[in-house]
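Given as structure tokens, the chain that follows is alone and in the form predicted alone.
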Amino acid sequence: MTEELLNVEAIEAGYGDTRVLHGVDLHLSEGEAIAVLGANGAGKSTLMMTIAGIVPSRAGRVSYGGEEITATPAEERVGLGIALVPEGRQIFGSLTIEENLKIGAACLKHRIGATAARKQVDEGIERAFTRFPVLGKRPNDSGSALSGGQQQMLAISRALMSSPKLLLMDEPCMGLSPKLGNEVYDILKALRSEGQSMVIVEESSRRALDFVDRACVLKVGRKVLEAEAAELADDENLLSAYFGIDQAVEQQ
């Protein structure tokens, strides 16, 4: 039986006086991938940052690997195995590709010790350059010199440097061409084949529903639907109701 990896219960979160999430539930088993879908402003990114510990929850409970982490700081959650690829990539433009990657592994020294961490960092950089050869050809280039697609490759690689059990992907194809978006999902498929657990936020649903096991829909900070991905993908009425999507347009 597959063990539960993540359990989000009745989470509420927001910014200042504004509450964005209203009692949202989410659960994920090891090796599973789930999509969080919804229109712009639905609260998808806030949910991801709350899981990552960047935005504190105001109510509710977050459990990871059977342990409650609701009050655990973001930097400690990385050490536990939760890594976020944020919306807009947010790489360090003034640092080199290799320096960006090493930042993603900053938690390893505390987790496994300095000697083992150095070895794992070297192995992680090698894997990143094998997975994305374009990065390996220019390790000393600054992040700001990369194209949008290359920056997304770097952001994914940086997150993977900590060897996460749970990978949070917030709008992985934002600002990318359809071709580059397909390349990103090819990498994600390869990671899934290795057993990587994922939560993926998408505003556009079609590609995500073809990739994940399940999907939930947020609308104005509330979860209004959760179902198997195939069920949602085949129900045009559901997609139209919750997203206002014209299927003929999206499939072009």
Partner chain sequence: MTALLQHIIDALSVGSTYALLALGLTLAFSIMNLINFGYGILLVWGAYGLLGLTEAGLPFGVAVILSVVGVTLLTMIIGRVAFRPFIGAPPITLLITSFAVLQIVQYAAIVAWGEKPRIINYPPAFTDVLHIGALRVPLLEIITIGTAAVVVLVYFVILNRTPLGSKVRAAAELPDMTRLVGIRPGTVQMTVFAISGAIAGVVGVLWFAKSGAITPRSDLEPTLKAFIAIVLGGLGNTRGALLGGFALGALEVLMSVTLPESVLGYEPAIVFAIVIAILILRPSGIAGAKVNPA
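Quick caveat, the model's predicted, so the values are computed rather than measured. Numbering follows the first chain given and starts at 1.
Not on display, but discussed next: the form predicted together with its partner chain.
Note on the interface: of 185 to 193, 215 to 223, 51 to 59, 198 to 206, the segment with non-hydrogen atoms within 4.5 angstroms of its partner chain in the predicted bound form is 51 to 59. Exactly one listed residue, out of Ile125, Cys173, Cys107, Leu166, brings a non-hydrogen atom to within 4.5 Å of its partner chain in the predicted bound form: Cys107. A heavy atom within 4.5 Å of its partner chain in the predicted bound form is found for one listed residue only; from Gln90, Thr115, Thr130, Ser177, this is Gln90.
The closest non-hydrogen atom of Pro86 lies within 4.5 Å of its partner chain in the predicted bound form. The closest heavy atom approach of Val121 to its partner chain in the predicted bound form falls outside 4.5 Å. When contacts are judged by a 4.5 Å heavy atom cut-off, Leu154 does not count as touching its partner chain in the predicted bound form. For the chain shown alone, Ala74 is a contact residue for its partner chain in the predicted bound form, at least one non-hydrogen atom being within 4.5 angstroms.
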